[in-house]
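Single chain ahead, written as structure tokens, the form predicted alone.
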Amino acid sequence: MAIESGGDPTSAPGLSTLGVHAGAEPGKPGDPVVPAIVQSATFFGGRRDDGLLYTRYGNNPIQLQVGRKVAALEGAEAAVVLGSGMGAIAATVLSLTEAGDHIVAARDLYGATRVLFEHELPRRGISTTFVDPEAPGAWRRALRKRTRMLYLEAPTNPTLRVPDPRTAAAAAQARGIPVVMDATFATPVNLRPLELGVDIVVHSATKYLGGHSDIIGGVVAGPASAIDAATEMMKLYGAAADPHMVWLLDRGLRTLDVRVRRHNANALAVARYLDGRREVRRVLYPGLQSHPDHARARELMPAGAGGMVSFVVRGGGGAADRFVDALRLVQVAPSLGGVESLISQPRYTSHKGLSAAVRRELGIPDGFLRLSVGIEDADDLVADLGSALDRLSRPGRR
């Protein structure tokens, strides 16, 4: 029996059930249990009123099925899968704005998103005001006559702040302005943006939704009208998802709930350990009481605070370089959300496009490390991190 989104939320299937079954058509004897990859660019037809089936249009059978699954997981009316997370963000933004329009965005954003808003959109006549979402009335004060969208992330990359989307939603509601939120770090397991007043949610499916570091993809979920508009941008700019990638994304979604809960538990254990090491100047993890948004994270993310832990080692960039060189189990790589633990320095990766001064202003000084905690045994991760920190404490290593 097919599982669809919508309906009475009190009787809706759980996330693990949706991850396995949502979006599929009812099966009949002889059908495959695992959905088939329809590796075809085009399909017979073209004379009917229901439109062309063409993989670049995002209506390949596996693309449609996984779109329905993502919509069910988010509690959205519809969703579409695209070729990358930035493709999902760009398609959403371009579908909501035109020359002369204005965006209000939280100042803490993924580096490439910030570059999109600061450097690319102005070439198209679209301006952005960046605000501190914690400042009282910041969203409302930044609104202009031609503001067409409010945009934020939670948790933020890489400082792991948890801005309250309800504040942005309250500012946008009176004007009928959509709120768009990147919830890549949270996943639908830990945070439910559409239940908090957000209109459209985007993810880099490369990360936790795929979960195995073997795909590049993105998703957008929200009202059907918004997804139709984002899909038109996807068609125009060529950001459609490859059928095989979408099939791998479906595989990842089947284990999303159980994986994320293991990420949550491991990250909390690692954060507590790092918080007790003198070589570490600061640990940023919403699950720690020391985090500025801890109370909000407990309210908005009851399942867990996520699998990302950021921290700053004493000794700046040189110490951070020596630390990552000493790691053996944790691997140095720029992505996140996979089953294996990965670590990176944003100054070399996600925020390389920003100046050192801007990074410091955003709370990302040299020595800042972003750790994607995998699903390995927590004791093994702690041992590896501890051994690398011990190297920093040895004479001549500062």
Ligand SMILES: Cc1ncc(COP(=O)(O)O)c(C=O)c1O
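Note that the coordinates shown come from a computational prediction; the quantities given were computed from them, not determined experimentally. Between two forms, the rigid core is the largest collection of C-alphas that superpose within 1.5 Å. Quick note: we count residues from 1 along the sequence shown, nothing fancier.
The form predicted together with the named molecule exists for this protein as well; it is not shown, and the discussion that follows is about that form.
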item: 4.5 angstroms heavy atom contact with the named molecule in the predicted bound form for residue 207; value: yes
item: Residue 185, heavy atom within 4.5 angstroms of the named molecule in the predicted bound form; value: yes
item: 4.5 angstroms heavy atom contact with the named molecule in the predicted bound form for residue 310; value: no
item: Contact of residue 89 with the named molecule in the predicted bound form (heavy atom, 4.5 Å); value: yes
item: Candidate from 133, 211, 217, 158 lying within 4.5 Å of the named molecule in the predicted bound form - any heavy atom; value: 217
item: The unique member of 273, 110, 117, 247 whose heavy atoms fall within 4.5 Å of the named molecule in the predicted bound form; value: 110
item: Which of 134 to 142, 199 to 207, 256 to 264, 169 to 177 lines the interface with the named molecule in the predicted bound form (heavy atom within 4.5 Å); value: 199 to 207
item: Partner contacts in the predicted bound form for 317 to 344 (non-hydrogen atom within 4.5 angstroms of the named molecule); value: 336
item: Post core alignment: residue 370 C-alpha displaced by 2 Å or more between this form and the one not shown; value: no
item: Threshold 2 Å Cα movement between this form and the one not shown at residue 351, rigid core reference; value: yes
